[in-house]
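Below sits a lone chain in structure tokens, taken as the form predicted alone.
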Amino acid sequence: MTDCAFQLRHVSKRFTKAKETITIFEGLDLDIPAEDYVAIMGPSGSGKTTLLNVLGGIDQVTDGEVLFNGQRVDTLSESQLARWRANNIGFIFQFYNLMPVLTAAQNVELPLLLTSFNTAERRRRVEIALSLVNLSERSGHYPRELSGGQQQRVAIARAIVSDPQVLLCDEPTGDLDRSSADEVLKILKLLNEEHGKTIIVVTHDPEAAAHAKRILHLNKGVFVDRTVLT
């Protein structure tokens, strides 16, 4: 068993558009230890979101290997990838993607409906997740009744309700005011430091990146700088 959550080995990602081959990155190597908290920064078009999608098994690599806990995931079938994601990965996006007709608790419960957990276990997990993001008292509220920061915290609760090892976050504070952003960042730091979650955040926000243990700067598909903060 490796102590790395993710290992990328000579990973390349290319796609063809209008008969032109576009290279996102070529021969990329990266180690992300378990319980790490990494911020990935870089200009638009540098490959940050594509890298996050590769780690989450959403985008397939063109060449190279993607390993999770020492096991290759780039060779899994679509159905195997779906099960792997459901068991190991939580996604948090800039926009909350909450179902407007469902309460906060019902939105958080959604990933559990695909599991074998009974109603009581699903309810217990939902209560724990909402408690971790300080929204227990808002469980019965609909998204329209919540602020942007509260909606993002519901989205975080939904991401952690199945207890994944890894949280992949794409601009999680990009749509929030500073106060709400800081509250979200405190929760991510708590999930990393006290609950052992491996967190990988793509962000343009230096203040968001400053909460991480490491900052990786990606430019044109190449890591041009790596900064250790803790």
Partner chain sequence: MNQALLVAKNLGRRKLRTGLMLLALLIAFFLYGCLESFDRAFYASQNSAADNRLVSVNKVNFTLPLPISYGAQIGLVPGVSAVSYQSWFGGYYQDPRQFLIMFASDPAGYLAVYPNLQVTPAERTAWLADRTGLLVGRTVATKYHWHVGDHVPISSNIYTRAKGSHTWDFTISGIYSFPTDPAREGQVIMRHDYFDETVTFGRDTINMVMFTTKSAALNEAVIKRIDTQFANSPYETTTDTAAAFNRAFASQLGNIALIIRLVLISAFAAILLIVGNTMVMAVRERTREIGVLKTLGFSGTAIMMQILAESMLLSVTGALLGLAVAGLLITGLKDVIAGFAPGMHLAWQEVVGALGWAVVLGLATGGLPAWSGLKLRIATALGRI
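Numbering follows the first chain given and starts at 1. As the structure is a computational prediction, the values presented were derived from the model and not from experiment.
One more form of this protein, predicted in complex with its partner chain, exists but is not displayed; see below.
| query | Honest question, do N53, R85 and P100 all end up within 4.5 Å of its partner chain in the predicted bound form by heavy atom distance? | reply | Contact check passed for all of N53, R85 and P100.
| Exactly one of L110, L76, L146, I128 has a non-hydrogen atom within 4.5 Å of its partner chain in the predicted bound form; which residue is it? | Selected option: L110.
| query | Which of E35, E183, E65, D59 has a heavy atom within 4.5 Å of its partner chain in the predicted bound form? | reply | Of the listed residues, the single hit is D59.
| request: Given that the partner is absent here, state which listed stretch (102 to 110, 128 to 136, 146 to 154, 68 to 76) has heavy atoms within 4.5 Å of its partner chain in the predicted bound form. | output: Looking at the partner contacts, the answer comes out as 102 to 110.
| request: Give a yes/no on whether A120 approaches its partner chain to within 4.5 Å in the predicted bound form, heavy atoms considered. | output: Because no heavy atom of A120 falls inside 4.5 Å of its partner chain in the predicted bound form, the answer is no.
| in the predicted bound form: members of 138 to 156 within 4.5 Å of its partner chain, any heavy atom | Only a single residue, Y142, comes within 4.5 Å of the partner.
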